[in-house]
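Here's a solo chain for you in structure tokens, the form predicted on its own.
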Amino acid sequence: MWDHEIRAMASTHAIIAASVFMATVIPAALVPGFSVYGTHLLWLYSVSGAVTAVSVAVFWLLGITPPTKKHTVGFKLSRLFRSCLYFFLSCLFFHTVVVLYGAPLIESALETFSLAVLLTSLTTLRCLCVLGPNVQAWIRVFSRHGAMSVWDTCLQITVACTVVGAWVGAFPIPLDWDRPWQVWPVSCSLGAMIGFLTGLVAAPAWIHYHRKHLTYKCK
């Protein structure tokens, strides 16, 4: 019943996963001394930029982004402005949450905000691509039984996997192992990325396995 959407989803996720791989490999070949640990912020922004650009392009080309009822230039610019504003506010939100969970408030502020940018690129950006700058739709999707399409279900799975991955990634930081990946915020960003990639695989697989039992309310 949902075979077409599941195939489109799997293809989209494969392209996004490939962008993560390319954003890691290409700088390693072009930038001397580049590494995930040694130049972590550079890797982090490289991956964030790649995921953002590829996600926006792929979701737009597939027509997954919700259509606008108005086609005026002013309305489209307003929609773009609100999307950028929500992206920035999401960065501030994640930064605040991470600080409340124990990250340094002043020291390593750049590293903390960079992690917030990564989390926003992996979570909020997908909400913007699938639902648009519509906070009510976001609340609806993440409420109980709020999914109205396979893409809503996919959004729930990928966002949850990313956030849980970042949270689990914080556990090794206080341990006295003196490993390079324990430096803030390496383990959290790696955990978020692993969770995100896991969600990209798990979402279409879970939906495919449960496709005969999926029922959605009409929009």
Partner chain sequence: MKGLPVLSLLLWMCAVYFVGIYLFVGGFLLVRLEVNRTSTCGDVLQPGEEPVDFCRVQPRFRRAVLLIIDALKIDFAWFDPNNTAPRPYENKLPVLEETVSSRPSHSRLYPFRADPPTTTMQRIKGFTTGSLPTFVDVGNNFASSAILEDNLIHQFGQVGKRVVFMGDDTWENLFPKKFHRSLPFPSFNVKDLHTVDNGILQHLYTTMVGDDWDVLVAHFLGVDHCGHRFGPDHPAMADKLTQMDGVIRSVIDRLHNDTLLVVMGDHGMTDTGDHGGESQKETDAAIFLYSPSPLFPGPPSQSEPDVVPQTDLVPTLALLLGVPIPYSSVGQVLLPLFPPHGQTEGAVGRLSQLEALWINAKQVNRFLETYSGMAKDIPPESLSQLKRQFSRLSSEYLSSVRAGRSPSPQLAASLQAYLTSVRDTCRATWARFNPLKMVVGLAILAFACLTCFVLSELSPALIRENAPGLTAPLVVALAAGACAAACQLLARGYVEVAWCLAAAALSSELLFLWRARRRGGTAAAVVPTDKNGSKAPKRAAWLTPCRLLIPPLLVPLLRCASLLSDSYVIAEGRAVTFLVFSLALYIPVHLNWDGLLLPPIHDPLKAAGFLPPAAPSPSTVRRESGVLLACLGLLVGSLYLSLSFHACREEQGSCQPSPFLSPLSRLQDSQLKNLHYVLSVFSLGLWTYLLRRCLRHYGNLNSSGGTAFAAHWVLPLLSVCLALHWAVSATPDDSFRNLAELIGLAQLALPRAAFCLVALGLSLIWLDPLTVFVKTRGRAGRGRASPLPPPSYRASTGISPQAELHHLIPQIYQRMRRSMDDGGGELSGAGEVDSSPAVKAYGLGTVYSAPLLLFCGLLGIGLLLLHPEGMALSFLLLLLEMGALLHIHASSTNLSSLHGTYSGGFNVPWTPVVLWSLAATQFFHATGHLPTFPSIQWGAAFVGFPDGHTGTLLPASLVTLNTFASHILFAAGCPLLLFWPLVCEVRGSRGARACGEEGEDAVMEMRLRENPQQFSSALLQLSTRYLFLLGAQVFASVCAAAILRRHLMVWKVFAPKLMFEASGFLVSSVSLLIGVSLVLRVDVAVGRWFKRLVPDASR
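Being a predicted model, the structure only gives us computed values, none of them experimental. Numbering follows the first chain given and starts at 1.
In what follows, reference is made to the form predicted in complex with its partner chain, a form of this protein that is not presented.
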- Query: Only one of 48-56, 162-170, 34-42, 189-197 gets a heavy atom within 4.5 Å of its partner chain in the predicted complex; which is it?
  - Reply: 162-170
- Here the chain is shown alone; which of Leu89, Leu77, Val97, Ala109 has a heavy atom within 4.5 Å of its partner chain in the predicted complex? Val97
- Considering its partner chain in the predicted complex, which of Ile26, Leu175, Leu61, Val183 comes within 4.5 Å of it through any heavy atom? Leu175
- State yes or no: in the predicted complex, is some non-hydrogen atom of Phe113 no more than 4.5 angstroms from a non-hydrogen atom of its partner chain? no
- Item | Touches its partner chain in the predicted complex: Ser143 (any heavy atom, 4.5 Å) | yes
- Do Tyr101 and its partner chain share at least one heavy atom pair within 4.5 Å in the predicted complex? yes
- Considering only heavy atoms, tell me if Ile139 and its partner chain come within 4.5 Å of each other in the predicted complex. yes
